[in-house]
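What follows is one chain in structure tokens, specifically the form predicted on its own.
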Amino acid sequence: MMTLDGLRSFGADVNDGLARCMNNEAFYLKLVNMAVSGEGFAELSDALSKNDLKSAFEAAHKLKGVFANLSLTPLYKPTNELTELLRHETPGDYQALLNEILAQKARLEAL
């Protein structure tokens, strides 16, 4: 079961995330669970596997916003980096950043 202490150990800025949720712990935890179980990760993975950079950018940008609003820093950082590379259609292999995002997702799910 995910807890605020677990999120802190994950590296989330829990106080900031809670403030965005009017200090409602149950609401914040619900949103974090929704973020982890949402379809955004699959959308991003699928778009990158198809080399559809426009769709990958849109998926990464949505995830970045969710992670920023919930202050999930370990997920936000690689997603932000990937978003900016995709925004500029920077050529390269995006797999390393995707792997980092998925690894952080797995860490969060394990809480």
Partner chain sequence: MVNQKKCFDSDHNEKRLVLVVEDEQVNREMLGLMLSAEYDVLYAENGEAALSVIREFSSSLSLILLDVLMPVMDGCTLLSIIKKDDDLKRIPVIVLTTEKEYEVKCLKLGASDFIKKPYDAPEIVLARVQRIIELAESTYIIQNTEFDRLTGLYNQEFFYRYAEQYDRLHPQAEMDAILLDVQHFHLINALYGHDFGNLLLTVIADEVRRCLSDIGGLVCRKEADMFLLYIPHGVDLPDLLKRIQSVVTRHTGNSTVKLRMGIYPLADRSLDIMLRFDRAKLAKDAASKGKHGTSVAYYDDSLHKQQLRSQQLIDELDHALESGQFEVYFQPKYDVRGDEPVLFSAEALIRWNHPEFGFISPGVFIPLFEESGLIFKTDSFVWQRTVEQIKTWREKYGIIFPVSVNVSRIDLFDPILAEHFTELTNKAGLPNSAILLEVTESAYTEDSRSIVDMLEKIRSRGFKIEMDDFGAGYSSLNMLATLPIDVLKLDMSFIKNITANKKNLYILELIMQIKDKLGVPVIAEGIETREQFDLLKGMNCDIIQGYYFSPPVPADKFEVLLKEKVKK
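Quick caveat: nothing in here was measured; it's all calculated off a predicted structure. Positions refer to the first chain, counted from 1.
Absent from the display: the form predicted in complex with the partner chain. The rest refers to it.
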query: Partner proximity in the predicted complex: residue 69 to the partner chain, non-hydrogen atom cutoff 4.5 Å; finding: yes
query: Non-hydrogen atom contact residue 102 with the partner chain in the predicted complex at 4.5 angstroms; finding: no
query: Any non-hydrogen atom of residue 96 within 4.5 angstroms of the partner chain in the predicted complex; finding: no
query: Contact test in the predicted complex: residue 14 vs the partner chain, heavy atoms, 4.5 Å; finding: no
query: Among the candidates 53, 85, 29, 35, the residue which, in the predicted complex, approaches the partner chain to within 4.5 Å (heavy atoms); finding: 35
query: Output flag, 78, 107 and 111 jointly within 4.5 Å of the partner chain in the predicted complex, heavy atom basis; finding: no
